[in-house]
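For reference, the chain that follows is the form predicted on its own, supplied as structure tokens.
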Amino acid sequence: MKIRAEISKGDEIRYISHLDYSRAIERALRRAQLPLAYSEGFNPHVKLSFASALAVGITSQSEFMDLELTKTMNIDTIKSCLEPQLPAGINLIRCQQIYNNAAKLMAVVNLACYKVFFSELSGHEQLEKSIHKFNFSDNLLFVRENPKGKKQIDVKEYVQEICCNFYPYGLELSFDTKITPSGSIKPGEVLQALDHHYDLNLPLDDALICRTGLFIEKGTKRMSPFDLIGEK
């Protein structure tokens, strides 16, 4: 039996890595005493996969994972066994059975939605003008640096538009990022690119970033991973 579940990553575990996040879920699955399916080989592991890894420091309202069991169970029973075992910061939102011909999450999920909140920010007018320029520009180049070296990427390849909302208690940015077979861009990199290109002096260390959704986008249609569960 295969299960697709929607889960969350809360403030309590904002700063753990994706690997630690997946390990926490795997331990909860074992404590729930579900009939987990394991891979074969010298080092067998639980047959568990995620739609898209989440960077350290980012929370999420909607993550997806696929899980395989060795026998069929009632969905409500699975939920009642698993929910009490999940640590603080991880909530089970929804789960349902999927079938063998269901597309793998990593193969179909191609859009991530984010919100970024700054509680204190000066220069609102400059930021608003910069966001407007970004939305109407054809490209914005950013140099990604990692242990493998440097690589120049175009932010506009992944992010077409950024929305900006001002509130008495702070500022909120929202944008969607494309997830492509060759990669994507992290929301922190989007902020770095804006900050550097437009000389905004954003308090990047104080940004609260939340992934609000993962979707499958086909043309003008946006679907949930629950819309593609295969056929019996």
Partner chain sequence: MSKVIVPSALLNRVVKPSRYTGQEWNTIVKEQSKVDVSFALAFPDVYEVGMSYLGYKILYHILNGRQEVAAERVYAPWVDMEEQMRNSNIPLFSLESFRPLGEFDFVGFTLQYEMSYSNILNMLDLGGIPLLACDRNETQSFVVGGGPCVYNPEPLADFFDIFLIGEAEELILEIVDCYKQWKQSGRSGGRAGFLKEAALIEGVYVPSCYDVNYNADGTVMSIGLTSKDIKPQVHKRVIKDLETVDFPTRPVVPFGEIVHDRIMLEIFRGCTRGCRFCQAGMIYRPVRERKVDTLVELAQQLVNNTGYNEISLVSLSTADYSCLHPLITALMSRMKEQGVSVSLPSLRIDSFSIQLAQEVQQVRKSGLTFAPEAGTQRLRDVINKGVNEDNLRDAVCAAFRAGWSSVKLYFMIGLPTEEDDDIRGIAKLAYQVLDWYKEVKGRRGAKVTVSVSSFVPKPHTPFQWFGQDSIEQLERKQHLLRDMLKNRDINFNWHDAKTSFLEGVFARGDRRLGKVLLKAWSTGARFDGWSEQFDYENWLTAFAECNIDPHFYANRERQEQEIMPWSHIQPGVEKKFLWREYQQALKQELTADCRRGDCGACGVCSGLGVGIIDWGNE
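In this text the structure is predicted, and so the values were computed from the model without any measurement. Numbering follows the first chain given and starts at 1.
From this point on, the text means the form predicted together with its partner chain, which you will not see here.
Chemist: Please tell me which of Lys47, His196, Lys178, Arg31 lies within 4.5 Å of its partner chain in the predicted complex, judged by heavy atoms.
Modeler: Among Lys47, His196, Lys178, Arg31, a heavy atom within 4.5 Å of its partner chain in the predicted complex occurs only for Arg31.
Chemist: State the residue from Cys164, Leu200, Met65, Ala207 whose non-hydrogen atoms include one within 4.5 Å of its partner chain in the predicted complex.
Modeler: For this set of options, the contacting one is Ala207.
Chemist: Would you mind picking out the stretch of 95 to 103, 148 to 156, 78 to 86, 135 to 143 that comes within 4.5 angstroms of its partner chain in the predicted complex, counting non-hydrogen atoms?
Modeler: In short, 78 to 86.
Chemist: Among Ile13, Asp20 and Arg23, does every residue place a heavy atom within 4.5 Å of its partner chain in the predicted complex?
Modeler: Yes: Ile13, Asp20 and Arg23 each sit within 4.5 Å of its partner chain in the predicted complex.
Chemist: Is there any non-hydrogen atom of Val56 lying within 4.5 Å of its partner chain in the predicted complex?
Modeler: Yes, contact at 4.5 Å.
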